[in-house]
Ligand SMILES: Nc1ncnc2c1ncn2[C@@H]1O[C@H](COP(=O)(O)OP(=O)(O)O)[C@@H](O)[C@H]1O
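Consider the single chain below, provided in C-alpha cells and representing the form predicted on its own.
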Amino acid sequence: MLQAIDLTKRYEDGILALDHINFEVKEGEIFCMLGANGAGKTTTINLFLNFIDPTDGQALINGIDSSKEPLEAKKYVSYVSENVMLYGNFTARQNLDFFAKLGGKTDMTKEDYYAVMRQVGLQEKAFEAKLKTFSKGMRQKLGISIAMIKDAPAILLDEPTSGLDPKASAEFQKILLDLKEKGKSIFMSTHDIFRAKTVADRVGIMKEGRLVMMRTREEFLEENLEKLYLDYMQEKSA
C-alpha cells in the first residue's frame, strides 16, 4: 500500500511544491493523479522514492516511512518514469538481467526474461536487439517488464503514456489492469484523462501543490471528468 500523510515539500527558494496532501492507494487499486505541469505530481513520486526529503509529513510504502528507511521502503516499490532510462548498448534481455540482479533476483533464466517480455507485448525480434534501436513505446514496455520482474507490491508510474501511440497506449492499459488483478497498488501521474477514466479506481486532481479533488470510480463516471478537470484548472487560487 502507498500512503501520503500531510505530505509537504517547500524548496529552499520558498516555493511550496506540495501542500499537506493526503491519499492512500490500496492493494489491487489504481489511483490516477491528474494535473498540469508543475502541479506537484512528480514531486509526490520523488518523495515516495526518497529522491528528495519532505519538509513535513510522510510518504509510506507498505507502512514504511520512505524518508526514514529509504532502502527498506524501496524493496516494496517499482518505478517507471516518463522517459525510461536504460542502457542503449545493452539488448532488452541484458537490461532485464542487469536490473533483475540489481534487485536481488539472481536465479532468472533467459526464458524467464522472454516470458515477461512476451507478457508486455514486445515482439520476439526485440528480445535480443539493442535498446538504442527501440521506440519510446518499446522502452516503456521494457520498463514495465523490469517492474514486473521485481514483483514489488507497489508501482509508481510518472506520465507512462506520454508520447505513446494509440496502440501502445492501449497495450499499456491492459498491462496495468493485469497488474491490478495481481493485487498491486498502482499510483500513476498522468495528463491522459481518457486513460484515467478507463483504468482508475480513484482519481485526484492536483493544482499548485494541493490535492483539490478526489473522486471514486463510481463518482467520476457519473460526472464529466473532463469538464470537472477544466473547471478546477480555471479556478483562481485562494
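Since we're looking at a predicted model, the values are computed, not measured. Numbers for residues come from their place in the sequence shown, where the first is 1.
The same protein has a further form, the form predicted together with the ligand, not shown here; the description that follows concerns it.
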Pick the stretch from 64-72, 193-201, 178-186, 41-49 whose residues have a heavy atom within 4.5 Å of the ligand in the predicted complex.
41-49
At the 4.5 Å heavy atom threshold, is Leu221 in contact with the ligand in the predicted complex?
no
Report whether the minimum heavy atom distance between Tyr11 and the ligand in the predicted complex is within 4.5 Å.
yes
Hey, in the predicted complex, is Leu225 touching the ligand, heavy atoms inside 4.5 Å?
no
Using a 4.5 Å heavy atom cut-off, state whether Val25 contacts the ligand in the predicted complex.
no
